[in-house]
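Next up: a single chain in structure tokens, the form predicted on its own.
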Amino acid sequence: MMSLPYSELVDVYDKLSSTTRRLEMTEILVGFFKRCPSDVIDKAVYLTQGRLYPDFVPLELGMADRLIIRSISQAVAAPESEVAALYKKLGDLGNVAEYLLSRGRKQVTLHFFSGPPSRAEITVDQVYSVLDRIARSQGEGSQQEKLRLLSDLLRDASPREALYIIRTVSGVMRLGIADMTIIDALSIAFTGSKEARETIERAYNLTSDLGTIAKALATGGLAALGQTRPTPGRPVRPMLAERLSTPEEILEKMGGKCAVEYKYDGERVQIHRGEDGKVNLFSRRLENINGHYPDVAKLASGGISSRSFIVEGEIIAVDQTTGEMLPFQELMHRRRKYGVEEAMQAYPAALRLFDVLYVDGKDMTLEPYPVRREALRCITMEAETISLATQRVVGNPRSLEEFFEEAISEGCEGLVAKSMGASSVYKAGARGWLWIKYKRDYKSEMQDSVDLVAVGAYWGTGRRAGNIGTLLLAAYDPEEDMFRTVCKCSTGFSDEEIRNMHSVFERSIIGHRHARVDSKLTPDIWLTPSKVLEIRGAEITLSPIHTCGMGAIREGAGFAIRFPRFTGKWRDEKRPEDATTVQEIVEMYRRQLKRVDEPVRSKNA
């Protein structure tokens, strides 16, 4: 087994931190992956992502700032009060650890005139092993054990190594590295070009585990990924839908005929059962949510007949007296760590299934949608609390509109239209025209809500002085893997939300524009793209100051949302990459123009 000094990974982090150019970041990672030993490359990838495991592994380091401050205090033999004061001044516990260790080493050097005692280099394996032990330390005495493990590791680390160890522990790596950048780098490092990206990306989308993908490439080459298929226990990155505003547009895209399903106002869930019989629930962010919905796990266990499966559906809240569907906000009362049993009683849940990705050893993702739907029907034992999503096959706009109105009257958000053609496979992790959303509020101007990502913030004035008062929001550009600004939003937030805004974004604050953010504006505070908010506005207008859709309609002009307002929905179940796309904003603007032109033509006729 070859060891890799952690200092080499730290050098990579320093280089990544010094650039905001994605191409340069890719080149830095390519060089590192080529020389990284295959037996530690998975750990190096996880650490570079700012984690120890894939998202779906329900283990966290579990160290709050106060415990990290105590660890630094013990490692450098400084009072906790001094560490806390430095943290308040520097705003980054990593910088605090680096400064105090540097100061301590200088003092040692002065004491031993010939230089400090020699220090054995720590390795990537050692750092990972200690952090893994911290994450797995549970129960009585675990806090003291975590404290001891981290302070011992810091004593062995150099000041610069300590900076990144602490940033890893506190969850604020600030490297600006996206998964797609790592995939590009792996493709170039192990195949010589980006041409293998499609194979690597599919393997990643089916496993949601970049560390495992990297190790397979390093040890077995591209051939090792060729047979990747869904595996119960490893969430598949969900397929996503585009959006259109009229039945005519939808049917034109779908070739004149499609299946349309209720779009429930609930939480999307992917349900897995392996050969061991254990059921796991994963959110669209790939987090294990068994703890929030033990009743849903039980529903799936008893209501799906196959021995092993991966199915997708929507968890909905139901009124326990009428049986009617309740809105998404009611279901979110289930997202709690404590009082789960009480929440189950107060907000009972039901399950509506809409797709199947794996059944008893068979990969269903390459099957057309009608085949998957029939397979799902065959394995689902429908009852009041578990059933297939309500569906109808339509071939004309009137039928689609009637079904849409039916869905709305049942308490749904709208419909999802699905292609029934031979090419209607399940495209994991992709957004495309095989699925199209048709929602009620798409039917007039900007009554439609959009999901945007906070990339910057401005200090408030007047009553909001001393608090964050405005957020700079962006849409996602999947082609370039960038977030492009579309508005500043200051309305719709409650007084309590304004008071808590800084703490909500505290771990996202960085000292410079994030590498994946495209902005002509310079906010008071830059944020790592992490939080998604639902926004409504009056209309979409051309704008010379926002970068969303720049040049799509007119040279030098992007798009802005006029009079944006926060709806009250923090979309914590969504990743930043699941936000409304730049292309969706462009299409919404074009449809808005059509709606404005039609009344004018009628008036002039």
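So that there is no doubt, residue numbering starts at 1 and follows the sequence shown. As the structure is a computational prediction, the values presented were derived from the model and not from experiment.
The form predicted together with a small molecule is left out here; the points below concern that form.
With the small molecule omitted here, the record of contacts in the model of the complex names 237-245 of 90-98, 186-194, 237-245, 475-483, defined by a heavy atom within 4.5 Å. Highlighted residues Phe354, Ala389 and Arg431: every one comes within 4.5 Å of the small molecule in the model of the complex, counting any heavy atom. Though the small molecule is absent from this view, in the model of the complex it lies within 4.5 Å of a heavy atom of just one residue from Lys531, Arg334, Arg202, Lys263, which is Lys263.
Distance criterion of 4.5 Å from any heavy atom to the small molecule in the model of the complex singles out Val416 from the list Ala300, Val416, Leu154, Leu163. At a distance threshold of 4.5 angstroms between non-hydrogen atoms, Glu314 is in contact with the small molecule in the model of the complex. Using a 4.5 angstroms limit between non-hydrogen atoms, Phe282 is distant from the small molecule in the model of the complex. Taking non-hydrogen atoms only, Asp179 never approaches the small molecule to within 4.5 angstroms in the model of the complex.
In the model of the complex, none of the heavy atoms of Asp295 sits within 4.5 Å of a heavy atom of the small molecule.
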